[in-house]
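Below you'll find only one chain, the form predicted alone, shown as structure tokens.
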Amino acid sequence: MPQVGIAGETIDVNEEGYLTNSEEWTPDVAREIAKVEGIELTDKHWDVLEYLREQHAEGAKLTIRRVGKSDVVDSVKEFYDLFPDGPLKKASKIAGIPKPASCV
């Protein structure tokens, strides 16, 4: 299993760079992953990340449509604007949760 240095910690990731243990996630880890993904996190980004982490903890099946219909963003378009080029994949990676099954 690959390991990477993120925010001063050695963290296990899978071959696509997703954390394999979401317990290793911290806000600093999120900031570094976001930086690599070319995203500067705003309060709205943090709202989405928190939502994804909560939904994942509850065992919810995450989809772009589900996030777009949530109260955390106004629309799917806003989700795309926040996390361009694969919003659910990028947001999940930054949130420290596994890549949703709905993502290819």
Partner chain sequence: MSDTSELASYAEQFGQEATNGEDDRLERLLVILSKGSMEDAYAALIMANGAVMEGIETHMFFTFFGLDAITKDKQDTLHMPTVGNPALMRNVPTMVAGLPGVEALATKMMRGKMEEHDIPPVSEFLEMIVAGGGTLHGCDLAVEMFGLGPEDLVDEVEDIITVGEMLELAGGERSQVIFV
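None of these values were measured; they are calculated from a predicted model. Positions refer to the first chain, counted from 1.
From this point on, the text means the form predicted in complex with the partner chain, which you will not see here.
Contact with the partner chain in the model of the complex for I33, defined as at least one heavy atom pair within 4.5 Å: yes or no?
Yes, I33 sits close enough to the partner chain in the model of the complex that at least one of its heavy atoms falls within 4.5 Å.
Considering only heavy atoms, tell me if L49 and the partner chain come within 4.5 Å of each other in the model of the complex.
No, no contact at 4.5 Å.
Would T10 count as a contact of the partner chain in the model of the complex, using a 4.5 angstroms cut-off between non-hydrogen atoms?
Output for T10 is yes: heavy atoms within 4.5 Å of the partner chain.
Hey, in the model of the complex, does D85 get a heavy atom within 4.5 angstroms of the partner chain?
The answer is yes: D85 has a heavy atom within 4.5 Å of the partner chain.
Does the trio R53, H56 and A60 actually contact the partner chain in the model of the complex, every residue with a heavy atom within 4.5 Å?
Answer is no for this spot.
Going through 76-103, which residues have a heavy atom within 4.5 Å of the partner chain in the model of the complex? Please give them in sequence order.
Contacting residues: V76, K77, Y80, D85, G86, P87, L88, K89, K93, S102, C103.
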